[in-house]
Ligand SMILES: Cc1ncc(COP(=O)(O)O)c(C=O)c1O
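Presented as structure tokens, the chain that follows is alone, the form predicted alone.
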């Protein structure tokens, strides 16, 4: 039998493992999902209501660029409308940034425990990903700078970082930008910035006042609770935005997401309640985990990274399985090279209490 030839993907794509979000599995129908860093309180009632009336013009394409949504973002965060780009989640923007700026002989730096989409996007673009080691689960500016060479084109930095919940200070971010050549783009992913209450943190928007080689990324999936609609945005120089728009899909942001996004942005009271809820229960979580003698990474986000003993029955893997058997889904961290850790999102009052109760049961077995 003669050999049959098939179309083959690029070599850099063939060797990749597909990105698969792991929300956990359980045989119990009534689930508590604390595995995806989703909004504990759902979405704004205003956003829900506007979607209920969304039924007309389903046969029409959405606007290529929603000036109304961009204006709402501009008003909410006091930003220049000309420097805002919308995307199908910030994931899309990460992808098109890599496609726009990386050639096959370029390198892009990402941090040791940084968001998994960074190395994925780099590889798909055909470039080389370079890891900068973290220090105490935190991105380290000196280690990033050590990895820069003549081939470096992009630095990906999530601040705060997922899955560690850590951040680098305003001074360190500025030190990084002052040290890198102007032809290297800093992708500053601030997906969790709305949850942050810390004087030493910067969301990245003010960087555009001085630096042309930075883009800040944001999302509606976390604080605003619109993860299912896939809506994100970026803030960068007009030159960067113009080039990204050449690569972005023409109708990547759907009409429902636009309507809900505007309503969510304008509901300041819901945003305030969500932040207060997160602060209250994160503090409670930390106290409970301390009482259980479990190590955890202090976080400024809406999740905690918890460490388990790996050499006995109280391993992270066994904890994850036990919690799933009780209908509670958390995120195992093996894929990040942290097999002894679980990442747990802050949930509702009931969900948080139930999680700790079941965790106590597991540890007392």
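Numbering follows the first chain given and starts at 1. Keep in mind the model is a prediction, meaning the values are calculated, not measured.
Although not depicted, the form predicted together with the named molecule is the subject of the following passage.
Q: Please tell me whether any heavy atom belonging to residue 90 falls inside 4.5 Å of a heavy atom of the named molecule, as the geometry stands in the predicted bound form.
A: Flag for residue 90 set to yes.
Q: Heavy atoms within 4.5 Å of the named molecule in the predicted bound form: does residue 115 have any?
A: Output for residue 115 is yes: heavy atoms within 4.5 Å of the named molecule.
Q: With a 4.5 Å heavy atom cut-off, would you call residue 167 a contact of the named molecule in the predicted bound form?
A: Although the named molecule is absent here, residue 167 would stay clear of it in the predicted bound form, with no heavy atoms inside 4.5 Å.
Q: Taking the named molecule as it sits in the predicted bound form, is residue 138 in contact with it (heavy atom to heavy atom, 4.5 Å or less)?
A: No, residue 138 stays farther than 4.5 Å from the named molecule in the predicted bound form.
Q: Heavy atoms within 4.5 Å of the named molecule in the predicted bound form: which of the stretches 274 to 282, 75 to 83, 215 to 223, 120 to 128 has them?
A: Contact-bearing stretch, as computed: 215 to 223.
Q: Find the only residue in 231, 96, 187, 260 having a heavy atom within 4.5 Å of the named molecule in the predicted bound form.
A: So the residue touching the named molecule in the predicted bound form, by this definition, is 231.
Q: Which pick from 191, 108, 264, 144 sits with a heavy atom within 4.5 Å of the named molecule in the predicted bound form?
A: Selected option: 191.
Q: Could you run down 158 to 189 and flag each residue that has a heavy atom within 4.5 Å of the named molecule in the predicted bound form?
A: Stretch hits, in order: 158, 162, 189.
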